[in-house]
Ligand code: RIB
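Shown here is one chain on its own, the form predicted alone, set out as structure tokens.
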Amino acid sequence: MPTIRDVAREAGVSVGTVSKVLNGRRVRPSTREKVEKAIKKLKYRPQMVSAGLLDQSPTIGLVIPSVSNPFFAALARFVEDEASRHGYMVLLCNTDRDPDKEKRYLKLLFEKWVAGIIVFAPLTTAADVEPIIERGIPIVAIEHRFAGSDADLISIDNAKGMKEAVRHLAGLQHRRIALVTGPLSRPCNQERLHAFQQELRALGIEPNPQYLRESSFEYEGGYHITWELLHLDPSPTAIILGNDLMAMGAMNAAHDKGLSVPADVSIIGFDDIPAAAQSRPRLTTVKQSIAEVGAEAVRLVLRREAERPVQLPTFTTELIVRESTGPCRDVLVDARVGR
């Protein structure tokens, strides 16, 4: 059975150009004629052409882990905004962090012949996306690459953000600093854990294994792990969490234990979702530029040609200092008693 690459080779054009013709996008009439002749000669039949789906508005698939997480809701909005500017619609696919569900969504998008696919922290492998790439549908992964595949990757500088968070707390005289990561099966969380330990040691602080915890990226995970940490003796005076949702759970756990944030324990999140500036106290957090990531993912989809090198852009982070971090309680007590 002929593939899209066979058609491109026969027509003397790129796979991306064949994809544009099949998707009804604008190309030179002479180019379209060459592609159509090659399709006819090879008897190439993409699965969904006969269903007439290519006559619909061009669509980009967005595959995210959790639509209930405000970070992904914001990402979806910015992807949709940028796609709309270029005349594209967005088909949102929520996987609930289930690899089997992700595979089913990728298969659906493949069958619908979308113009491109954006996947945040994919759980599937290169083998699962190879038929999609073979067809000429561009794929952009965010935060975790399909190893060995011809897919673009957008990364976040997780190490920089984590090190800035640690330095901020150390500057407030905190020494008992805990970290609650998301699942360590994800490379981004491994990067954050490594940067956390590396920066503590650079500051002369040995990481306490009791203060290193792994949880889900949900509010409940942040709450329950923080509750456990605050019952240790000695308990940490500062906690960094894997995202803002977990950090809000942490602040409520501290409140339910009768502690004040930041007087008794400082809390730092990660992401800077809109609610971070609206919580009480307002949350100190490591900002990721959700708008820039979403827009760049769409632009990579629309610029993608099979022949160009894979793109690997990395976006920086910025520590946003608000009210949930303050001087270490132990230092304040020592100062009051004249030590």
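All values derive from a computational prediction rather than experimental measurement. Quick note: we count residues from 1 along the sequence shown, nothing fancier.
Below: the form predicted together with alpha-D-ribofuranose (RIB), not depicted.
This chain lacks the partner; the member of I225, A76, A254, C188 within 4.5 angstroms of alpha-D-ribofuranose (RIB) in the model of the complex by a non-hydrogen atom is C188.
In summary, among the residues E82, E199, E102, E143, the only one with a non-hydrogen atom within 4.5 Å of alpha-D-ribofuranose (RIB) in the model of the complex is E143. Checking 162-170, 188-196, 129-137, 146-154 against alpha-D-ribofuranose (RIB) in the model of the complex, the stretch whose residues place heavy atoms within 4.5 Å of it is 188-196.
Using a 4.5 Å cutoff between non-hydrogen atoms, T181 does not count as a contact of alpha-D-ribofuranose (RIB) in the model of the complex.
Among residues of the shown chain, G116 is not one whose heavy atoms approach alpha-D-ribofuranose (RIB) to within 4.5 Å in the model of the complex. Although the partner is absent here, Y211 is not a contact residue: none of its heavy atoms lies within 4.5 angstroms of alpha-D-ribofuranose (RIB) in the model of the complex. Within this chain, S279 is remote from the site of alpha-D-ribofuranose (RIB) in the model of the complex, having no heavy atom within 4.5 Å.
Within 4.5 angstroms of alpha-D-ribofuranose (RIB) in the model of the complex, the stretch 208-222 places a non-hydrogen atom from F217 alone.
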